[in-house]
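In the block that follows, a single chain appears as structure tokens, in the form predicted alone.
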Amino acid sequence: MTDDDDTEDEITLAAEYALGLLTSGEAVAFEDVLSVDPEMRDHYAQWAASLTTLTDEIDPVEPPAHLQAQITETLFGPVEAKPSLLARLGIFGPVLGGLVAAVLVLVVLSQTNFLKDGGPTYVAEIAAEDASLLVTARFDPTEGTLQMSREAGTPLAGRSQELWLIVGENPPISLGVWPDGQAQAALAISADVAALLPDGVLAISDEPLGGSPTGQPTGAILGAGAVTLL
């Protein structure tokens, strides 16, 4: 096979990924290539830019009001039925006893610090229903940072975890990639983004090493939690 044939195959593969035609396994393999191959990233970027122009002449349509609730329920399950973090931990019994104790200590200490900071403090509990991921988050208004502590759910080998803010029907906003190998992280939050926190949901997705190559989640949503005012 010639170099031209190889290039043609790469362009075709990038097009199939951009169109969502790859299987989940093929998409993950392609994303791994994206993270290390600049030429493949160029092929994908060209396809993504080209495909977005297809809708330029289509008039925007206001989505129905019920769509947000349907999307939220599809991604995260019924909001009303979702138990609190402590309730979810409680169902696992003594197997996770040590983990429960550690989280309780973290929550008590964190809330004490929140009250000292002054200003509105927002918190979120980001968790998978099977407890494979467990993250506590709080927005520090003094420092302008989102303080993250991961109790469970380390990234897969060669993958990264990325934090997103989802507000209504707007595209998710990337808040940053979790630093590799760290259980705690502080992500700087701009004033504009901080203003959106009261209406948002924090979610963590599985992404290629270094984060999403598209600016939007590409991998599985590992866990999510609504932002609440402390």
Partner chain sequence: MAELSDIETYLSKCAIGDRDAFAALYSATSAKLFGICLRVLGNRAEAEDALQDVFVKIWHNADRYQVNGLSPMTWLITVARNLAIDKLRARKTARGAGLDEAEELPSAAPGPEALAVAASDRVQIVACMAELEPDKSDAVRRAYLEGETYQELAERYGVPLNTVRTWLRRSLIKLKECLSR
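Whichever C-alpha set is largest while still superposing within 1.5 Å between the two forms counts as the rigid core. It should be emphasised that the depicted structure is a prediction, and the values quoted were computed from it without experimental measurement. Numbering follows the first chain given and starts at 1.
This next part talks about the form predicted in complex with the partner chain, which is not shown.
Remark: A191 does not count among the residues lining the partner chain in the model of the complex, judged by a heavy atom distance of 4.5 Å or less. When contacts are judged by a 4.5 Å heavy atom cut-off, G168 does not count as touching the partner chain in the model of the complex. Taking the partner from the other structure, the partner chain in the model of the complex has no heavy atom within 4.5 Å of any heavy atom of A195.
Taking the partner from the other structure, the partner chain in the model of the complex has no heavy atom within 4.5 Å of any heavy atom of L187. Contact with the partner chain in the model of the complex holds for all three of A45, I58 and P64, each having a heavy atom within 4.5 Å. Per the 4.5 Å heavy atom criterion, the partner chain in the model of the complex is contacted by stretch 48 to 56, the sole one of 48 to 56, 175 to 183, 195 to 203, 159 to 167.
Along 7 to 26, these residues reach a heavy atom to within 4.5 Å of the partner chain in the model of the complex: E8, I11, T12, A15, E16, Y17, A18, L19, G20, L21, L22, T23, S24. The Cα position of I11 differs by 2 Å or more between the shown form and the other one after fitting on the rigid core. Relative to the superposed core, L156 undergoes a Cα shift smaller than 2 Å between the shown form and the other one. Core-superposed comparison between the shown form and the other one: CA of W178 displaced by less than 2 Å.
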